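Presented as structure tokens, the chain that follows is alone, the form predicted on its own.
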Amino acid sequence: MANAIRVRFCPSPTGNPHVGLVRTALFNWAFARHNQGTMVFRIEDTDAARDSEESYEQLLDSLRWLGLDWDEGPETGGPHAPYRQSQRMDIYKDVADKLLAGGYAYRCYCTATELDERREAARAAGRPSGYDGTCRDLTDEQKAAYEAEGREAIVRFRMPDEPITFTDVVRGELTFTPDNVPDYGIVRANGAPLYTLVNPVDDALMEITHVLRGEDLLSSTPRQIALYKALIELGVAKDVPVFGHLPYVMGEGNKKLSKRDPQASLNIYRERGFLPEGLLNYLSLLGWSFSADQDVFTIPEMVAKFDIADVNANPARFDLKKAESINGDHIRMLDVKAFTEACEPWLRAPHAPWAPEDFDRAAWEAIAPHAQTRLTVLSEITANVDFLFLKEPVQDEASWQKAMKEGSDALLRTARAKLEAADWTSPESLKNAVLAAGEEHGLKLGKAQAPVRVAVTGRTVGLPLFESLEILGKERTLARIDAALAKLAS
């Protein structure tokens, strides 16, 4: 059975990919890989008004960046091609015609105004406000009369009159009564198929065994199960797939994270320098747990352990601080060479504020191991190492005011003299020089090194100071202390 598992990830190419969508892709991919199954990547692009080729290309690029490969789909091909719904319209028309001919669907001539009026009346009477079946059993004469009026018909699927029960692999057994699942549209009046038809039809034809998707689609599941059963009777489908509805990802204020939320866009995390492994590690924790005492793990480790039955049905809150922390752990898991290569984009324009010719690769490679211990996202590297490549340190007035207290000029003069006499091949020697300067002024190392750090780097917080001074070099360090003393004297 394990080898027969087939899952699908089927986003619409609208806007930028968001983290909730990525979490869905990840769980499907991990489930397929854990079970040596097949991952189908399908594009639901039947909404011409909202879909765009740019979004389509972003989807492919995003999955490639994340390392979530697919076995069938765009660029890969497969036995069920094409994998873009916009190229499968003839298939949907054929299935819709079969559903009509078999009595599983019917033409509905109700106007939007009539539907609204009947819904309002049902609500006022305390009844369910779904479609009331007016056109379910029209005679040929009634249909002809409607068409003579110029009415256009949509196609509705005929729901069964008994409850629909299924076992959700995340939520357990669920039952929907007929009152809550009325007949629904599957083809627009202009002949365009709706999501309610094309999604189950593609799942059936592509032999999808497990539909793992967001909780927001749970209410459509009984309708799709009824359609699957009709497709089985028509010989279009083989089986009803197993369903699993993944928990909501919540944002600020315990509201469902939407595409419009600032922290929802995948592009933000790429631009900030999240590692794909770090982001996927965190997203996997939104509804699933590796173990009670381990939050950081590799993606192969996740795949080895992932079971969809272990997904929690409760909503999961997106915690940016935790995401950053886990990403920082993954940065430290890299070997130094991989880390230096991963940082490269943030050491060049437009991120880098220094001229290309001022970049010193030897200095960068020397500071990289120290930087690796401090970052949570790769984009932080720019501000952490800019003191090495700028001709003068950044002018951060808040840092200056915080570090340059009364007596800082005297401390800096003492520190300069001791640094000038120190051994510049040893960070420990530089530390002892600043420590000794502090002792002369009644200051511990933490207080003594603050003015030195701001004079040299421009900031109160940064990489290990004495290793930074060694890499910057004696001449540039002393020149920056001199410049700070001149500023204090002005």
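These figures come from a predicted structure and were not determined experimentally. We number the residues from 1 along the sequence you see.
There is another form of this protein, the form predicted together with glutamic acid (GLU), and it is not shown here; the text below is about that form.
- Shown without its partner, this chain lists 153, 217, 296, 164 as candidates; in the predicted complex, only 217 has a non-hydrogen atom within 4.5 angstroms of glutamic acid (GLU).
- Contact with glutamic acid (GLU) in the predicted complex, defined as a heavy atom within 4.5 Å, holds for exactly one of 199, 284, 384, 327, namely 199.
- Comment: 191 to 199 is the region of 396 to 404, 273 to 281, 191 to 199, 318 to 326 lying near glutamic acid (GLU) in the predicted complex, near meaning a non-hydrogen atom within 4.5 Å.
- Among heavy atoms of residue 20, none comes within 4.5 Å of glutamic acid (GLU) in the predicted complex.
- Shown alone here, residue 44 lies within 4.5 Å of glutamic acid (GLU) in the predicted complex, counting heavy atoms only.
- Shown alone here, residue 16 lies farther than 4.5 Å from glutamic acid (GLU) in the predicted complex, counting heavy atoms only.
- Glutamic acid (GLU) in the predicted complex is not approached by residue 25, whose heavy atoms all lie more than 4.5 angstroms from it.
- Within 4.5 angstroms of glutamic acid (GLU) in the predicted complex, the stretch 4 to 33 places a non-hydrogen atom from each of 8, 10, 11, 12, taken in sequence order.
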